[in-house]
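First comes one chain, alone, set out as structure tokens in the form predicted on its own.
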Amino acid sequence: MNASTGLLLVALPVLLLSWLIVYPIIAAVIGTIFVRQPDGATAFSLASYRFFFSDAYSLTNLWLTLWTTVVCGLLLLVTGLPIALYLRFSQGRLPAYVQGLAIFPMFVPSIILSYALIRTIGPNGTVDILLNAVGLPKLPSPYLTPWGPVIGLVWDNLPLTVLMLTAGLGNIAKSSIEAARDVGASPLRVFVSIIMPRMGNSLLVTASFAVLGIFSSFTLPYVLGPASPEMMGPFMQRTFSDLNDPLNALTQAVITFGFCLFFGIFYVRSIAKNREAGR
């Protein structure tokens, strides 16, 4: 394949990317720094950014979004990595069933997942009914607290995390692990000295994907989270529709994009390193 054919093949995706993603981003940034004034003229202004970073409620919402993202990212790695290890190095029917259960939430819409969690962990839900049946007191419900979106987002993002980690583990040859076992290495030693050094890039890519999805999520934080403070997704929607303030909603979107861009750069660098290593 010559260079011209290659450029023609990537031309359409690049044009669509530029039209649907790059142009709206540039338009949003320009729209927040060149603001129409009361006299109808357009002037350079950073007032909306100054307002965001001086407003305690906006900063609280940003902090809640960062906290939720970090907690969800850690929980996804802690829960997804053991499942991926089991799926990679196990054989038989049981791993197939486990994989089916692990990726099942991928096929469930977020709104249905939210309803299921409300019926399970919400007030007077299944957990409360079971505790009451055995004579135990009710537990505090995470519904409408910051932990509600955490539970929902971990459940919603677990399938993609497991699939990406399992793919990363596929690059580790079983022969190297069997050789370590033959010389007496314990399972912990195999994990620390053989598996983890080869999983660094996969962990980084998985964490980047999870962070990008969680930071900009809307449905689960909107349905399961508290009304105040709120994550950036519901905050943007409420600022735009309830407060009829498109400028500040656009500013919140640009700031959210800035944080996602930071993690996106990690992902792109990881992909580039993989391609260079594969040559």
Partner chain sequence: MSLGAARIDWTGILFAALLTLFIALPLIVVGTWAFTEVWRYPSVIPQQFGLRFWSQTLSRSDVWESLFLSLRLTATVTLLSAVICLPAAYAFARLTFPGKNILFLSFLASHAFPKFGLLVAIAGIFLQLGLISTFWGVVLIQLVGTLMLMIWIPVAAFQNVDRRMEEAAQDAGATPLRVFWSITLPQAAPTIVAALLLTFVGTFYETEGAWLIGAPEIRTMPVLMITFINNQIVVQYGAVLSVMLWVPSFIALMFARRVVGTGAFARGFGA
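Just so we're on the same page, rigid core means the largest C-alpha set that superposes within 1.5 Å between forms. None of these values were measured; they are calculated from a predicted model. Numbering follows the first chain given and starts at 1.
Another form, the form predicted together with the partner chain, is not on view; read the next lines as being about it.
Enquirer: With the partner chain left out of view, which of 77, 163, 194, 185 would have a heavy atom within 4.5 Å of it in the model of the complex?
Expert: It is 163.
Enquirer: Within 4.5 Å of the partner chain in the model of the complex, heavy atoms considered, which of 116, 190, 71, 169?
Expert: Flagged contact: 116.
Enquirer: At 4.5 Å between heavy atoms, is residue 200 in contact with the partner chain in the model of the complex?
Expert: Output for residue 200 is no: heavy atoms all beyond 4.5 Å of the partner chain.
Enquirer: Using the partner position in the model of the complex, report whether residue 237 sits within 4.5 Å of the partner chain, counting heavy atoms only.
Expert: Within the cut-off, so yes.
Enquirer: Does residue 140 make contact with the partner chain in the model of the complex, using a 4.5 Å heavy atom cut-off?
Expert: No.
Enquirer: Heavy atom to heavy atom, is residue 146 within 4.5 Å of the partner chain in the model of the complex?
Expert: Close contact is absent here: in the model of the complex, residue 146 is far from the partner chain, nothing within 4.5 Å, heavy atoms only.
Enquirer: With the partner left out here, which residues of 59-89 have a non-hydrogen atom within 4.5 Å of the partner chain in the model of the complex?
Expert: Counting only heavy atoms within 4.5 Å of the partner chain in the model of the complex, the contacting residues of 59-89 are 82, 83, 86, 89.
Enquirer: Is residue 25 among the residues whose Cα moves by 2 Å or more between this form and the one not shown after superposition of the rigid core?
Expert: Shift of 2 Å or more: no.
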